[in-house]
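For reference, the chain that follows is the form predicted on its own, supplied as structure tokens.
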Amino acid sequence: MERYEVAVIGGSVAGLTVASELARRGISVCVFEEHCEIGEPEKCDGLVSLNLLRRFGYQPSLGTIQDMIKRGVLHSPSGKELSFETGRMELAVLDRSLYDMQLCKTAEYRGADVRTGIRVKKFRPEGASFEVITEREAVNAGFVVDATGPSSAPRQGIIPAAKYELEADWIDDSSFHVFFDQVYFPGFFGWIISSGKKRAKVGAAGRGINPFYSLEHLLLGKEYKPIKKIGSPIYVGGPSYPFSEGRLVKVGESAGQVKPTTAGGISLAVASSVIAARWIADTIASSNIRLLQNYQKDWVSRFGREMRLMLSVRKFFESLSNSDLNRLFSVAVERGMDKYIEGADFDFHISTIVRRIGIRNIVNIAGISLASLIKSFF
């Protein structure tokens, strides 16, 4: 039976990043991906800020970038718009398949063994290691990393979502649009993200809906050429603690490391996997399993406060009616809230916007209910 220090289940962003980092540190690691090709099927729209990816050492190559976003537009249920420039945010739309392949090549170059078309049926502890059983073989591993995605995340945080990739003359290049409507997108929103050359990724999500019906509503009256249709759930439930139990470690969506406000997870998956790999490697080097608890502590010290704040904002947002949303939009437009958004950090957008606006202005704009949720964090 083959022996690895770490077996990673799932060959997407989180799994490939943690494998790459472990291999870089000299750890023997094997990745099992159930699909035959890395990056397929592509279920993510790929809108990211390059800042966090660059900080953690996994900036996308130019060939993986489909478009650079220069403008964002938020739409109220009544059709009012709040437009803002995004140049300082360094927003890029990635071809997720190509980015995943980039991560895979890096991991393999560093020495990771990436195996595709192999589904892990189960893994069971055997003393101080695991027996990882696939459809074809079994391997022995000292640690197992769960990077399987939403299937391992808490069910209450899952929201149904649908996405089209399409071509159309009406697409606003180098921009993204977000549509709020608690009837068609309850608890979430619809979106149109330019992917260059009159192409776009258009999606819809919401609690208790048929997302394809809501997506058709978003595109009602528009002519377009569909390229791809995808139905895939998104996760907005916040971190799923604990991140490790014994020698089993969770990363990415499996650990709920996804922004509760937007379901964005690429940058956080990369950052979280780099952190996880560090503590797994230190644990192996020291033979002290207690060190692995520092993975969650390290992550919480960096991202926990922002995640708690985003969960509070999500709770408040889900309580709003369309009338509430229209009123908030009117006040936001009148008071020039676009300038506060333009100065925000895309990866930590809630806290930076709150700091720039201030609690007093939030009280005036949104009422004491939102301010009371936010105030406890600042």
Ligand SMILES: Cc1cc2nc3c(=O)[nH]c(=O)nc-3n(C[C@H](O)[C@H](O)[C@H](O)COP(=O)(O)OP(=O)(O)OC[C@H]3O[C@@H](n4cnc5c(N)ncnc54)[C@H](O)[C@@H]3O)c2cc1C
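The first residue of the shown sequence is 1; numbering continues from there. Quick caveat: nothing in here was measured; it's all calculated off a predicted structure.
Another form, the form predicted together with the ligand, is not on view; read the next lines as being about it.
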Answer with one of Ile158, Val120, Leu82, Met101: the residue that has a non-hydrogen atom within 4.5 Å of the ligand in the predicted complex.
Val120
Checked Ala276, Val258, Ala200, Val145 for heavy atoms within 4.5 Å of the ligand in the predicted complex; positive is Val258
Hey, in the predicted complex, does Ser175 get a heavy atom within 4.5 angstroms of the ligand?
no
Is Ala23 one of the residues lying within 4.5 Å of the ligand in the predicted complex, judged by heavy atom distances?
no
Contact of Tyr58 with the ligand in the predicted complex (heavy atom, 4.5 Å)
no
Is Lys43 a contact residue for the ligand in the predicted complex, using a 4.5 Å heavy atom cut-off?
yes
For the interface check, one of 105-113, 245-253, 72-80, 216-224 should have non-hydrogen atoms within 4.5 Å of the ligand in the predicted complex; which one?
245-253
Those residues of 231-249 with a non-hydrogen atom no more than 4.5 Å from the ligand in the predicted complex are Ser232, Pro233, Ile234
